[in-house]
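What follows is one chain in structure tokens, specifically the form predicted alone.
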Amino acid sequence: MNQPIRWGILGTGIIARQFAEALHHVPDAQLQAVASRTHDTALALGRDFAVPTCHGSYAALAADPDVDVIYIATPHPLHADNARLCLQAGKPVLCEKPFTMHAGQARSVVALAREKQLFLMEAMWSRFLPGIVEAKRLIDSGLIGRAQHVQADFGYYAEVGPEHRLLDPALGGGALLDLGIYPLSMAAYFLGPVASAHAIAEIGATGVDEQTAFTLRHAGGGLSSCFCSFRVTTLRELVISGPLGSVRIARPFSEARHITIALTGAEERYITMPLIGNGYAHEAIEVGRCLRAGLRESPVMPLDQTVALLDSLDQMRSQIGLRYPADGE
């Protein structure tokens, strides 16, 4: 594949626009088409980003012969059906997180991708930010000894009404799925597979969790302490600790530009990492790399781990009594 990779975006919300903007910073990528459930909505995004083709249905995008890969940017409960639609049409897929509403859906989507021999990846964009990549390199080098603890928080005050998607159970609302997936994914990235998870939460008036704290025990050893919230604005930090010290990343889920290294008996050191555009370009670059290399999944965000993380989310949702209409699917 020597030509630019031609992207289609399924969905036209805020995150779709952020990804469209990011593609301008990817040298070998081209935004070829967008799709919404109405043609007018697709045209609105298309005009803003000079997109050649605007589809008034998701099926039309999936069938578009001029699209090489599709980014799914719809609300959580639509991810599984949207991914299946694209894969059935023979299109590789980058699907927003959480990948699906529960692990059962994820398994079916992954099985379809493997049956069709198509690339598929969860859009956990923070794993591809240069600061996270550098932190992983430092940890793997043994800088702090064997990493044994991860502490991560992601919270902000969401001043929204009960009808907003963040609080609407029909749209997969709740802090755990919207924000908690980030510290959960990072904990598994740095400490390995999760063996068990324990969560407590405060459930709001609409029936979804507005803040949740959870601890993880990792199969290879180590513990993680995580928190997510729509009620409070937290520091939003990721700290990985070992016997020799710790590595701390500021704003790890959106920028990860600033890293602090604190080793026992030494002065703290600081590293500043670059960021391309709004940050979403890095995951698009990874998808392009995988497609050009003929890979069907990314080694940084492998499909089996995506499914395993949803298993952990399912376990925690059961503990806090959080159910969605999609749980019966």
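Keep in mind that this is a model prediction, so the values were computed, not measured. Quick note: we count residues from 1 along the sequence shown, nothing fancier.
Omitted from view is the form predicted together with a small molecule, to which the following refers.
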| query | finding |
| --- | --- |
| Any non-hydrogen atom of F214 within 4.5 angstroms of the small molecule in the predicted complex | no |
| Touches the small molecule in the predicted complex: R289 (any heavy atom, 4.5 Å) | no |
| Interface membership of D178, the small molecule in the predicted complex, 4.5 Å heavy atom rule | yes |
| Close approach of T74 to the small molecule in the predicted complex, 4.5 Å, heavy atom | yes |
| In the predicted complex, the residue from R248, K97, R236, H218 that sits within 4.5 Å of the small molecule by heavy atoms | K97 |
| Position in contact with the small molecule when the complex is considered in the predicted complex, options H258, R84, R114, R165, heavy atoms within 4.5 Å | R165 |
| Which of 97-105, 142-150, 204-212, 220-228 sits within 4.5 Å of the small molecule in the predicted complex, heavy atom basis | 97-105 |
| Check all three, W7, Y189 and T306, heavy atom within 4.5 Å of the small molecule in the predicted complex | no |
